[in-house]
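Single chain ahead, written as structure tokens, the form predicted on its own.
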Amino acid sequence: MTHGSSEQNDVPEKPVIITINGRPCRAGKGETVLAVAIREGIPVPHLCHEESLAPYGACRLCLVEAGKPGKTEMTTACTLKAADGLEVITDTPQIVKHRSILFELYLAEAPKSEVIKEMAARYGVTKTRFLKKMETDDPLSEKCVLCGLCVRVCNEIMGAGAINFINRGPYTVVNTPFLEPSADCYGCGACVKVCPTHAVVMEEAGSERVMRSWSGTRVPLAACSCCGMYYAPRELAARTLAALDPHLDQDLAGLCPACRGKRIAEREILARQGGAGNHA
């Protein structure tokens, strides 16, 4: 009896079938409608979606109408879980109108973002009725839409907490506490990677990585003990190496990835040559 129960548990779950704009689509257990749409190549605009983070529907651009025939509601595709028989429409007149207004707001919030301009233009939105006083020295270059991805990845994944939302209402911005260089920043660049509007900027300056957007925070870089090249934030590299199990050999720990790969390859070659010699 127990054996039969175990076999039943090993049977893979049957995928559910949902319909997006009249097109049947397969979805896995727990998969969101937005993830299905992205995989199937069905355009649904979004800004705050990031696979490594739990969905939270901040940007509202991915609103769709979903439900059963005769009973639908407007909801965010990034938070809606696929269920068998679910029918989804991505571009009803009501949704298009809603997105157009959102794009006007984003154009006002981030007037220098080419990403927002291009997305808005697809909906025929090229200008905005909404005005916002912009700071001439905005560290995010008037490209930030406050999606929160940089804050979330810094806090939830990296555990650094170097940046957060500052102020309230129309004065809300993202930056370091008191707009001062942060001692908590790892300089990992995760915030740069997830920013959908390319508002976050960092650059290499000799032995330091400068987080231009985060109050000019400077993070020391580790230098390769072989070639001397600076290759990673020093503290982050040390934390990563310390977390490895088993630990990396000492002569490999201080090397950049390129030199480390060469050293390992040399070891492998020598080991094989030695093995061949012993065999002979």
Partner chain sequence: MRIESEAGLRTLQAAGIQKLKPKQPRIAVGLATCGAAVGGRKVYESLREAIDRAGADIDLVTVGCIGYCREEPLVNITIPQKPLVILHRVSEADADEIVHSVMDDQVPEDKALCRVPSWDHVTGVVMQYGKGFANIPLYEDVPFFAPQRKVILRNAGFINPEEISEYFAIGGYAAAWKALHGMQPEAIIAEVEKSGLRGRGGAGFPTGLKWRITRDAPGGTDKYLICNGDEGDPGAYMNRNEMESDPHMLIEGMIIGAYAMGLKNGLIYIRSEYPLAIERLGTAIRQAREYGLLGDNIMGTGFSFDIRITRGAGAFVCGESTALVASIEGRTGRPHPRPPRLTDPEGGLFKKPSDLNNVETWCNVPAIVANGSGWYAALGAANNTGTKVFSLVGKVDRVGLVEVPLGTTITTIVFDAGNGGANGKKVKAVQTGGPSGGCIPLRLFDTPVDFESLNRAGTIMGSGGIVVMDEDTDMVDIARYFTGFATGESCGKCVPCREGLKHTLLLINRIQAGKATGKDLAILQEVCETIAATSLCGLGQTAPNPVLTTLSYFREEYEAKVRP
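Quantities reported herein were computed from a predicted structural model and do not represent experimental measurements. Numbering follows the first chain given and starts at 1.
Heads up, the form predicted in complex with its partner chain isn't pictured, but that's what we're talking about next.
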(message) in the predicted bound form, is there a heavy atom of its partner chain that lies within 4.5 Å of any heavy atom of L105, even though the partner is absent here?
(response) yes
(request) Could you confirm whether K133 comes within 4.5 Å of its partner chain in the predicted bound form, counting heavy atoms only? (result) yes
(message) Taking any heavy atom pair closer than or equal to 4.5 Å as contact, tell me whether K71 reaches its partner chain in the predicted bound form.
(response) no
(message) Please determine whether H198 contacts its partner chain in the predicted bound form, using a 4.5 Å cut-off between heavy atoms.
(response) no
(request) Could you tell me which of 105 to 113, 119 to 127, 182 to 190, 199 to 207 sits within 4.5 Å of its partner chain in the predicted bound form, going by non-hydrogen atoms? (result) 105 to 113
(request) Select from the listed residues L63, V36, M211, A66 the one whose heavy atoms reach within 4.5 Å of its partner chain in the predicted bound form. (result) L63
(request) Could you spot which one of N155, T92, S141, T79 gets a heavy atom to within 4.5 Å of its partner chain in the predicted bound form? (result) T79
(message) Where, within 171 to 188, is there a heavy atom within 4.5 Å of its partner chain in the predicted bound form? Residue list please.
(response) T172
